[in-house]
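Listed next as structure tokens is one chain, alone, in the form predicted alone.
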Amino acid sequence: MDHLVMEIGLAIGLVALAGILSAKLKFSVIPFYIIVGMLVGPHAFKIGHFDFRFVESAELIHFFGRIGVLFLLLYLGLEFSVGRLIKSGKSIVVGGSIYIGINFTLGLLYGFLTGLPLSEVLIIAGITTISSSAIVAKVLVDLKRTANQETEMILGIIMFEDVFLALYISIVSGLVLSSSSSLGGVLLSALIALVFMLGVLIVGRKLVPQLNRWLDIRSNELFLLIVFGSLFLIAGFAETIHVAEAIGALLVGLVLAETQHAHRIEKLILPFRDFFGAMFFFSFGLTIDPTALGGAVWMALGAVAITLVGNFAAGMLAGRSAGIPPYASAKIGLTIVARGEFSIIMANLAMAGGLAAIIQPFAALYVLILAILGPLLTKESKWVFRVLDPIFKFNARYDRRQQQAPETSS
């Protein structure tokens, strides 16, 4: 541990360098953080006191990354509100079902096309279905789209995905990896996840008057200690009941957004969000060995293609079900196209179960490509929609439905 501080300093310096380069090129910073992480790590080298392998600090950097996800989701929740989310409950369930249904079905079909055994097919379907909460949160905040009409659907789908993830991981780890499972156990896991999320939202909303009093603290130091303590306790508890800790952080943000202290919390956590968020993407890059990606190139490119098509279609259909205009609906699918931490979790399950070795490089390359394309497509969503609208006539169909609606109701 003699060189731990040196390694952390080197990591922060590399992250800063990636940020400067992205600013110069006027491009999303997320891919730069990931790529600079890929270029170093266990496969890299050491020059004097500068160890680019990050052997001693890898575990700490990974923990920084986990904290980054919590702050990104907390901040995203603060920009939203429980009231808007509950009000849109029905449309979110419908939209989330559409999104999961399309992407999971395409993932299964693609898995079978690869010719791999059933266990690997189920893993591939999981990898290609769940979007990255951290990247979605970062993009929404960076592009200042948290107040947009489509954002409540995006957040709803993220939460809906977590219920699916709890159910699916239970099935995969039980049926596929350990060759044993209990239907009751699987259903119980999904029920616990759903009850936890609804419970935090409902109870938290009722506690708003008390939260306003408890957080009425002059000292910023004590104020942050209480907020951070609540964040880590609830996110940590979520993890113990097999709900993603990121979702726990999002729930905390949604509840605190209802209080009169929301603006103060946003202002004070901003530096923590930016620093630890950057470390998350760097730590994610550290897990990818570029020398091991070659054999999975075509497999990953095929999965990227079906994900782009599936996501766009799901976004359009989910938006239509909620009465959202076509351009805003297009932004739903394009914003949540990025894959990340949850896909890596599925790949790690495959490794733990001794499944096909190609799963790891496939997941890494697939996630990397979509982590780059996701922020880019979100930023250029207007251009993407303008290219596709003349072909598929989204606006024309929407206008016809709007004109027919009064006639139908009368």
Partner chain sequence: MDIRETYLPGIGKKFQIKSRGGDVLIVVVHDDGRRECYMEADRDNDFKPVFSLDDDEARMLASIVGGMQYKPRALENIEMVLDDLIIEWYRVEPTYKSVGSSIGQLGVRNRSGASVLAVVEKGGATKHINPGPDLVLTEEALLIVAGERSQQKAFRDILKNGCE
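Positions refer to the first chain, counted from 1. As the structure is a prediction and not an experimental result, all values here were calculated from the model.
The discussion below concerns the form predicted together with its partner chain, not included here.
- Shown alone, this chain has one stretch from 155-163, 213-221, 104-112, 287-295 that lies within 4.5 Å of its partner chain in the model of the complex by heavy atoms: 155-163.
- Heavy atoms of residue 141 reach within 4.5 Å of its partner chain in the model of the complex, making it an interface residue.
- Mapping the unseen interface onto this chain, residue 398 counts among the residues with a heavy atom inside 4.5 Å of its partner chain in the model of the complex.
- Among heavy atoms of residue 275, none comes within 4.5 Å of its partner chain in the model of the complex.
- A residue is said to contact a partner when one of its heavy atoms sits within 4.5 Å of a partner heavy atom; residue 245 fails this definition for its partner chain in the model of the complex, lying far away.
- The contact with its partner chain in the model of the complex, taken as any heavy atom within 4.5 Å, belongs to 148 out of 148, 230, 91, 97.
- Of the listed positions (314, 137, 257, 251), a single one reaches within 4.5 angstroms of its partner chain by any non-hydrogen atom in the model of the complex, namely 137.
- Counting a residue when any of its non-hydrogen atoms is within 4.5 Å of its partner chain in the model of the complex, the hits in 293-327 run 325, 326, 327.
- Annotation for the pair residue 273/residue 343: C-alpha atoms approach each other in the model of the complex, by 3 Å or more compared with this form.
- Annotation for the pair residue 375/residue 263: C-alpha atoms recede from each other in the model of the complex, by 3 Å or more compared with this form.
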